[in-house]
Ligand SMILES: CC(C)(COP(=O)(O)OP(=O)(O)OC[C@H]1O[C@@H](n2cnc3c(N)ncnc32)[C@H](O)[C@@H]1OP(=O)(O)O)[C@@H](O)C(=O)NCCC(=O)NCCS
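What follows is one chain in structure tokens, specifically the form predicted on its own.
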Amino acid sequence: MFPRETIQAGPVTLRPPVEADIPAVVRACSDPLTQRFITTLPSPYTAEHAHIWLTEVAEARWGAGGAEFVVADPGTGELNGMLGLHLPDRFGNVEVGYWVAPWARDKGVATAALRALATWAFEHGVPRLHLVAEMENVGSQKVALAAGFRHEGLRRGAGPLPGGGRADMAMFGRLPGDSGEPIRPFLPFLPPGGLTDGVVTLTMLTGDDAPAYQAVASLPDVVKYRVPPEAPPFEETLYRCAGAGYRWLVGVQAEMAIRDAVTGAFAGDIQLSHLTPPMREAMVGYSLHSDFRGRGLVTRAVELLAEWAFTQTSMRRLISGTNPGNLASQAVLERAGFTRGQTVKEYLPGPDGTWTDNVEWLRLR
């Protein structure tokens, strides 16, 4: 069993919960974001629920070999969150769980607490720590990486969703021999408000963009040059948009909406895919709704993206590819400073099992 003790961790203190924490637990567990990602919480969450958690759930966890800590302000003792170690599995591995109160978010509280708890757990013989976070819970995933937990994959349908259904869960793990240093994503997230030149704005895709994304992806002249050349089912589009933050964070793909900077309307999409950190290279792709064509929005979007990639990241090569017949896309790349390269024969999937050539394009830092 773990010793029931207080852990001093710089900007936070980890201590066992007490009766005086109940009002703050009720406030925090009534928060919509907390409720959204901790699907086992009752709603509405009452003082009775908090009392049962304190006197039964937390006590049972301590007694059975787990741990349950309040993340407290070291000066005032105010509750800023919760952090716990679940019971070891049959191999001795231990899962970590945590939440942060809405009044303490974006202050590094969870990262400091998780780092301290990991050190403490390893000192007490835990051979491996892991945590899971719903694919859409990017905030929790950022905490995991900042605390030195490595991304280990996505567990399909591993967690419940509010109202029914199942969600994919991202897995992160840390071993005693790991450095514990923060793991920085290959690409940083965009600044607040996205990238803009006053005419076009680029923002990360979200689940709310799915209907507009689907409308663009279903246009016949967009489908013609998609890979593969078919419109995606809406379920696939929704999954893609909702999971964009996760894929960006773990270095799979950076997907953005192209928006009219004045109205905020969704005009199209642009992405960096095939991210290759050792080569510091990525592939640019894009599409635009017919209602927004003829205004140079895609060229502006590509230029914005390239400027950001070459000044705010370690990227040194941007590549792209076009069907030989897609003259409009080729013109965009030329205007955005890309150089035409070789034509690769029968590289892209075409309709009805055919294959088409691919014209390669390159822009260097």
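A residue's number is simply how far along the shown sequence it sits, counting from 1. Note that the coordinates shown come from a computational prediction; the quantities given were computed from them, not determined experimentally.
Below, we refer to the form predicted in complex with the ligand, which is not included among the displayed structures.
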Quiz item: If contact means any heavy atom within 4.5 Å, which of 319 to 327, 31 to 39, 301 to 309, 54 to 62 contacts the ligand in the model of the complex?
Solution: 31 to 39
Practice problem: Sort through 100, 250, 257, 244 and report the residue having a heavy atom within 4.5 Å of the ligand in the model of the complex. | Solution: 100
Self-check item: Heavy atom within 4.5 Å of the ligand in the model of the complex - residue from 137, 287, 214, 271
Solution: 137
Practice problem: Tell me, yes or no, whether residue 104 is in contact with the ligand in the model of the complex, where a contact means a heavy atom of each within 4.5 Å. | Solution: yes
Practice problem: Tell me, yes or no, whether residue 203 is in contact with the ligand in the model of the complex, where a contact means a heavy atom of each within 4.5 Å. | Solution: no
Self-check item: Partner proximity in the model of the complex: residue 132 to the ligand, non-hydrogen atom cutoff 4.5 Å
Solution: yes
Self-check item: Exercise: residue 117 in contact with the ligand in the model of the complex, heavy atom 4.5 Å
Solution: no
Exercise. Pull the contact list for 106 to 130: residues with a heavy atom within 4.5 Å of the ligand in the model of the complex, in sequence order.
Key: 106, 107, 108, 109, 110, 111
